[in-house]
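A lone chain, given as structure tokens: the form predicted alone.
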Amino acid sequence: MTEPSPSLPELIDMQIRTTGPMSIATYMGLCLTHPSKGYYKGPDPLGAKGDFITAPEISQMFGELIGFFFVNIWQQMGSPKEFTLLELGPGRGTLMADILRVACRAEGFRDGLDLRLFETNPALIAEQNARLEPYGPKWVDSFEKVGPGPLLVVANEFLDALPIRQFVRGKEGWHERMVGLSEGKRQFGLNPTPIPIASMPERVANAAENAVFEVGLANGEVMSRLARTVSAQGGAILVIDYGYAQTQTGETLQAVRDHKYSDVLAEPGAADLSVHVDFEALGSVAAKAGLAIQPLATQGDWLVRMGINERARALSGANPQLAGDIAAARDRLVTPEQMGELFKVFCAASPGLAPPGFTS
């Protein structure tokens, strides 16, 4: 009789017992993307029956305005006959379906489109294919697998799920926070070897004792790869996520299950883990690759500048019976107390382009 394979919590605990405490980045990577037991390899986590709801699931207006954004960029580039539109973490395909429903109304956009999707979840790939099959999507496992023409990238709530490392300020310097075991239970601890203060970013190096600093090395690597391609081929990168405008201290690692916060260490693989994105660090990486960085916008301000109020009125006029729902969705996306302030909109683009929705 075949022994059942170990669960993800058992695998993590065995690894700690064998090799010692692991970094937060290693723990997050195992929890979210373990090849067979990771959170993003399991059932569809989106929507009311899942663990969280993203903006595209709230209203079609969100994707439609992003569609207008990309048509504008495409037209500024001279309406190239061949270009790639790449989405990172496309969910159910809802966002891209809304984007393309609008964008493909522009003459020539559909003809030149090479649609690429970066996704690893088999259940979500099936849903994406069902929605996007008419556009001939291709699924990729590398950010460099794009066509030779300009590259347009959209990433909505993707970067927040990439692994980070955490460092805690001690008396002698900074110490990396690790995940270990104590009396058989997973718990946080600190690597005893200090990291010199001089090796930390100037903005946080001399933070108060016990301050926490999160480093998104994976975010930086993703942005670096994309930015190098866009710099060479032309295009733009649009990122919508929760985060902060300037590099700073603060602990943001959280777990969400069934639309509620839960213990980060309690149920590896069963809860979504995420962190706030350091947009200043992303901008620095993209700028080094030669891209122009737009002033960071809040989601609410950006959507208003892109015309969400006018779109809501048009939808309500066409569907009076849905006017209340449309207004509620609009408010959820743009008001500061809901998603409007927490979520930010970041854009890095080829120099000379003027991405819409951003102030100069």
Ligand SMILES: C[S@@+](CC[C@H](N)C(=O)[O-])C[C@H]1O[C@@H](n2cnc3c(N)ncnc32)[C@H](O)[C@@H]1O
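A quick note: this is a predicted structure, and the numbers were derived from the prediction, not measured. Residue indices: 1-based, along the sequence shown.
The form predicted in complex with this ligand exists for this protein as well; it is not shown, and the discussion that follows is about that form.
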Inset, instruction - Mark L162 yes when one of its heavy atoms lies within 4.5 Å of a heavy atom of this ligand in the predicted complex, and no otherwise. - result: yes
Inset, instruction - Using the partner position in the predicted complex, report whether L124 sits within 4.5 Å of this ligand, counting heavy atoms only. - result: yes
Inset, instruction - Considering only heavy atoms, tell me if S316 and this ligand come within 4.5 Å of each other in the predicted complex. - result: no
Inset, instruction - Mark F68 yes when one of its heavy atoms lies within 4.5 Å of a heavy atom of this ligand in the predicted complex, and no otherwise. - result: no
Legend entry - Sole residue of N219, T84, Q166, N156 within 4.5 Å of this ligand in the predicted complex, by heavy atom: N156
Legend entry - Among the candidates D114, E176, E267, E119, the residue which, in the predicted complex, approaches this ligand to within 4.5 Å (heavy atoms): E119
Inset, instruction - Have a look at 76-84, 177-185, 90-98, 275-283 and name the one stretch with heavy atoms inside 4.5 Å of this ligand in the predicted complex. - result: 90-98
Inset, instruction - Decide if the three candidate residues S5, P21 and Y27 all line this ligand in the predicted complex, where lining means a heavy atom within 4.5 Å. - result: no
Inset, instruction - Would you mind checking 328-344 for residues with a heavy atom within 4.5 Å of this ligand in the predicted complex? - result: none
